[in-house]
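Presented as structure tokens, the chain that follows is alone, the form predicted alone.
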């Protein structure tokens, strides 16, 4: 998971700046209070039964004005810098502009749709050094999209899309997650935001919409089984399960729960609840040959 203390966008730099100001003010208040407690403990400590009781102060207009004005000034200052940051960070929520990216939360994975029809699941690619208007959606329950190094948190509410600005000031891979509890596998609803130079991003985007090569050999038999076993009823755009069009190019399976290896992919085919407990993929009886053919087909999906 990324860190909000390592901002890589204009938006997260503003968030980090506000946090730093709050942290400094809180630190100063802590030191003042701690110094007062230590001074009072030493200066007015008990000096034995014969010691006179310290003089009691029952009111001080100067002190009362001081501890009213100072907190008011602090809160006002924090209000001003927070509102200023919000104005600069927040995207218009009733935007008439076509979004550059539509990111959708599901139980339990994220996918992203691009204007040219490309779809990314798990690994979401963006161009570096370009601000994108992103629409955040949900298909089932409330999720929360968050990439600590790149963007503010934004709730994904069913039936109520929201908008954020998303950008990365440098190429790199930035970790993100759902930060709103959304069910049994909330902790494994992760994704990677991959920022690339413009030329690399455009090449990747073009590859995503190219027709896949026709499978041959065992992969061809796996493609037939994929249809006859009704796998494509769920694993297609807009269906119940994640799209598998380019599954062989993904580094992780199950929104980060395991590496994309033949062994882990085979586990999803034979015992999906062991791969990720609580997911909605049903057990499908397969012979050893059918499992091998389906695995060959999935590994061919580049």
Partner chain sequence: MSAWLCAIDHKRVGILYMLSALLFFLAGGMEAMVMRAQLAAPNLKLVAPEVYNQMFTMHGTTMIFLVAMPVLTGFGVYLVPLMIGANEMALPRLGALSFWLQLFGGVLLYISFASGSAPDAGWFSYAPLSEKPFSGGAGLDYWALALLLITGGSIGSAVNLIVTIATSRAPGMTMRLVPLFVWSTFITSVMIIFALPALAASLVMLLSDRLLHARFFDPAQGGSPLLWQHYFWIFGHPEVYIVVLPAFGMISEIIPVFSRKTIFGYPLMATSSVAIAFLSYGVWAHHMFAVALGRNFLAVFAASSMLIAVPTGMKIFSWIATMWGGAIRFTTAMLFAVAFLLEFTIGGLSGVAFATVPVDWQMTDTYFVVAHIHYVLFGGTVFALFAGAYYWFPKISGRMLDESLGRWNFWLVVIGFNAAFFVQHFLGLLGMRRRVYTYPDLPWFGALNVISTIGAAILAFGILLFCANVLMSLYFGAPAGDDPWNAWTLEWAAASPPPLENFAEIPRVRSRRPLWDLKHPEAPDWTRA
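Numbering follows the first chain given and starts at 1. From a predicted model like this one, the values you see are computed outputs, not experimental measurements. Throughout, rigid core stands for the largest set of C-alpha atoms superposing within 1.5 Å between the two forms.
Below: the form predicted in complex with the partner chain, not depicted.
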- Which pick from 132, 142, 194, 218 sits with a heavy atom within 4.5 Å of the partner chain in the predicted bound form? 142
- Out of 205, 225, 128, 78, which one falls within 4.5 Å of the partner chain in the predicted bound form, going by heavy atoms? 78
- Message: Against the partner chain in the predicted bound form, would residue 187 count as a contact residue? Criterion: heavy atoms within 4.5 Å.
- Response: yes
- Message: When the contact criterion is heavy atoms within 4.5 Å, does residue 118 count as touching the partner chain in the predicted bound form?
- Response: no
- Message: Is it the case that residue 155, even though its partner is missing from this view, gets within 4.5 Å of the partner chain in the predicted bound form, heavy atoms only?
- Response: yes
- Taking heavy atoms only, is residue 160 within 4.5 angstroms of the partner chain in the predicted bound form? yes
- From the candidate stretches 120 to 128, 226 to 234, 96 to 104, 176 to 184, select the single one in contact with the partner chain in the predicted bound form, where contact means a heavy atom within 4.5 Å. 176 to 184
- Note on the structure: Near the partner chain in the predicted bound form, with a heavy atom at 4.5 Å or closer, the residues from 115 to 137 are none
- Message: Given a core-based superposition, decide whether the C-alpha of residue 60 shifts by 2 Å or more between this form and the one not shown.
- Response: yes
- Message: Checking residue 271 here: with the core superposed, does its CA move 2 Å or more between this form and the one not shown?
- Response: no
- Would you say whether residue 41 is displaced between this form and the one not shown, judging by a C-alpha shift of 2 Å or more on the superposed rigid core? yes
